[in-house]
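Take a look at this single chain in structure tokens; it is the form predicted alone.
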Amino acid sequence: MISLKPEVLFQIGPVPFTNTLLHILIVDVLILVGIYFLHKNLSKIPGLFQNMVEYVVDGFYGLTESISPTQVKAIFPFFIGFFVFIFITNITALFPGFGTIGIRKGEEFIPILRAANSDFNVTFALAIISAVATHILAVRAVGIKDYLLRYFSLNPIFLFVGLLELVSELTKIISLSFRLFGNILAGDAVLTTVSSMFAFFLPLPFMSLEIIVALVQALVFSILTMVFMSILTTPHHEPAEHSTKGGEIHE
């Protein structure tokens, strides 16, 4: 039976070390090793790995620039950062041993590794980071006055709309975290159940489906974050002259 909460492997003082935390540490190491390898092997004639990274980075940067050309340098690191972390976390959770290799404590089976995004604590933390970063960028981009006027006004109608905006900001956190958590937990439960009954061919179709889910969920979370950042970093009433620069009109 799949537990909603992660299993504790051991305690470090009062802090529990869970199997999802172990997965996060492994993903962090993989990302750092990948960055180090890429940095040490940069070439004017790129190999396969460098080509793949450049293709993804260029595509994501172009997408961010098309949505928010004025704030692309501020938004893009969060966009690509969320995607890389979530995608690698989801993909590595499909490796053999996740949810199936563990230890028994009496009647309880404790898997050593479990998909990090099947832990609501992880997805909720990612959603909070996304929301906090979005509002920090908004304040830096439009100024504290315009930022507050988005939510608060002396006009009762605008004030009501602003309060609805505040409620929507909370629902963004809930929707981002539950969407990622629910999809990965469901896939983890299916793969663990099927793999425990059939060792070879039957899990393959489910594995293929989960690879697609891993990519889609990473894209959904990161693209929504990018769009939210783009919306909040755009002033409510941008003067017409802001659309010109150096006598040229930017479409």
Partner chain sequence: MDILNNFGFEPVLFAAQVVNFLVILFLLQKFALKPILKLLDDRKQTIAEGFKNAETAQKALTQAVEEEKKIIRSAQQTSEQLIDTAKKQAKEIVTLARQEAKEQVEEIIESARAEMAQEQKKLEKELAVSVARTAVNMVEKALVGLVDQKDQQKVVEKFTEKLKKQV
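If you're wondering where the values come from, they're calculated on a predicted model, not measured in any experiment. Positions refer to the first chain, counted from 1.
Same protein, other form: the form predicted together with the partner chain, not shown, and the subject of what follows.
Put simply, P77 is close to the partner chain in the predicted bound form: some heavy atom of it is within 4.5 Å. Looking at L126, you'd find a heavy atom of it within 4.5 angstroms of the partner chain in the predicted bound form. The partner chain in the predicted bound form comes within 4.5 Å of a heavy atom belonging to F181. In the predicted bound form, T233 stays away from the partner chain, with no heavy atom inside 4.5 Å.
Checked against the partner chain in the predicted bound form, the residues A186, V216, L204, V57 give one hit for a heavy atom within 4.5 Å, which is V57. I31 is the sole member of V194, L63, V220, I31 with a non-hydrogen atom lying within 4.5 angstroms of the partner chain in the predicted bound form. Contact with the partner chain, judged by heavy atoms within 4.5 Å in the predicted bound form, is confined among 80 to 88, 142 to 150, 159 to 167, 95 to 103 to 80 to 88. Contacts to the partner chain in the predicted bound form (heavy atom within 4.5 Å) from stretch 14 to 42: V15, P16, T18, L21, I24, D28, I31, L32, I35, L38, H39, L42.
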